[in-house]
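One chain comes next, on its own, written as structure tokens: the form predicted alone.
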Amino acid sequence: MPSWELLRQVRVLDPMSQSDFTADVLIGEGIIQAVDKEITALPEQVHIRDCHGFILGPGLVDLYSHSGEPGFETRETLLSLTKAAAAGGFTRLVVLPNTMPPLDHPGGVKFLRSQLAQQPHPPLKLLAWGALTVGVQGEQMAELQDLAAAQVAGFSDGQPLQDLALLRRILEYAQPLQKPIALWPYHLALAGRGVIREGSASLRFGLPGTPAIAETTALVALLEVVAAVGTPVHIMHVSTQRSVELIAAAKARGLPITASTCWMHLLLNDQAVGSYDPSLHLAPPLGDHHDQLALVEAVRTGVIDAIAVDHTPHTYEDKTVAFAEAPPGAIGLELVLPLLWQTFVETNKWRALDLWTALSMRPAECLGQQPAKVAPGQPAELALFDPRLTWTVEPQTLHTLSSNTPWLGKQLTGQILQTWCP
């Protein structure tokens, strides 16, 4: 007989109904069987769990992260990636196409699916972005129709596309395919060799800076192309105050766009780079204090639809170099929820529903997917979170193979206890 579980007096967060309440939740046969103030009619074999103080919400959804496999298995395998994601509360994860070989043809997508199928009980739904361009080189459009037939989640190179004429052709060609298109507006020539946001911090720390206009000028151009073509677009890696203003204005004009920012840009700003921790070398770089505040408010109000993890594993050898020489990126799948919860929910800057919405419902909507719902009769796609449990971030406590994070060795409060994925 399939196992049945009763979660007794758990705090339920349901972004779909914008509900926050305490109830008993009965789960059985992969379905949410009942949600009520008190459930007394139970099947014969049921595991009863006291969940006072725990949080139950829909499984989290990550819009974009990096897989080491295929090509860079020392950084991350599909097995370690899915385990890390599940440990962080994620039930859906979409990997970027910059593997080796890149996911620019159906064979690569089928490989990912076959590898995941070898796991007896995959802990989550792993999807992939199909590359926009051949070899993710930004020079020639990939066979988007073939990739769509291979059931990619959508199309993205996961890196800036510089050729606006090519971008226009892609948006025109992809429109009838009705798949999400994720683009990172970033002008590489303006960015130069910068590794920190250009400003007083870059001068004080003696590091080459990237101007905010490297993002905003590219964003303005992208918005104009979207306005002309009309194909919906998801804007990745929003990191500046001015970008927030441009996106808000574009949405007010009715442009078919959604947007996401990466979680570390909400927690930190360029002042943190003074530690010269290579794990703080990110792309785009951390913004200044005003950028950070604007992003935090934009997530709360919904101008920024979703929070992305952009989990980017690197080996110890990759990152143990000078700050400017380290490859950009940091891990995050297992750290996002506890850190954001402690920073924004426990301090009453956001409602608990604000955070859970930005990590679950809205990312699903950006992908054109049906969000999970905590209600009777719905598939049990859930995450159970203890916001009081403390643990230390160490290689042995992480499921990911990499440990490139500025929180390494730090104690965190809050941890996922269990996920359910139908």
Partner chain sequence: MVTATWTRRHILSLADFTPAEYNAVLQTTASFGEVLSRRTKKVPTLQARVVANLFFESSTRTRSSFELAAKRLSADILNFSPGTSSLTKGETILDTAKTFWAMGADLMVIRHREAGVPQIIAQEMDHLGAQVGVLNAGDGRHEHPSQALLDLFTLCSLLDPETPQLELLKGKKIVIVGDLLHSRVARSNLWSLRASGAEIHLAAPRTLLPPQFAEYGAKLHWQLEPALAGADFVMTLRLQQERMSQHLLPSLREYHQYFGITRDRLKLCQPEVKVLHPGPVNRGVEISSDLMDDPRLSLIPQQVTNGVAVRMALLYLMGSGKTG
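Everything quoted here is computed from the prediction, not taken from an experiment. Positions refer to the first chain, counted from 1.
Same protein, other form: the form predicted together with its partner chain, not shown, and the subject of what follows.
- Its partner chain in the predicted complex is approached by T320, whose closest heavy atom lies within 4.5 angstroms of it.
- Looking at G192, you'd find every heavy atom of it more than 4.5 angstroms from its partner chain in the predicted complex.
- Not displayed here, its partner chain is kept clear of L164 by more than 4.5 Å at the level of heavy atoms in the predicted complex.
- Looking at A142, you'd find every heavy atom of it more than 4.5 angstroms from its partner chain in the predicted complex.
- Exactly one listed residue, out of P106, G199, G71, P327, brings a non-hydrogen atom to within 4.5 Å of its partner chain in the predicted complex: G199.
- For the candidate set P256, G274, P101, G302, a heavy atom within 4.5 Å of its partner chain in the predicted complex is found for exactly one residue, namely G274.
- You can rule out all but one of 213 to 221, 312 to 320, 248 to 256, 234 to 242: in the predicted complex, only 312 to 320 has residues with a heavy atom within 4.5 Å of its partner chain.
- Although its partner chain is not shown here, in the predicted complex the stretch 202 to 217 places heavy atoms of L203, R204, F205, G206, L207, P208 within 4.5 Å of it, in sequence order.
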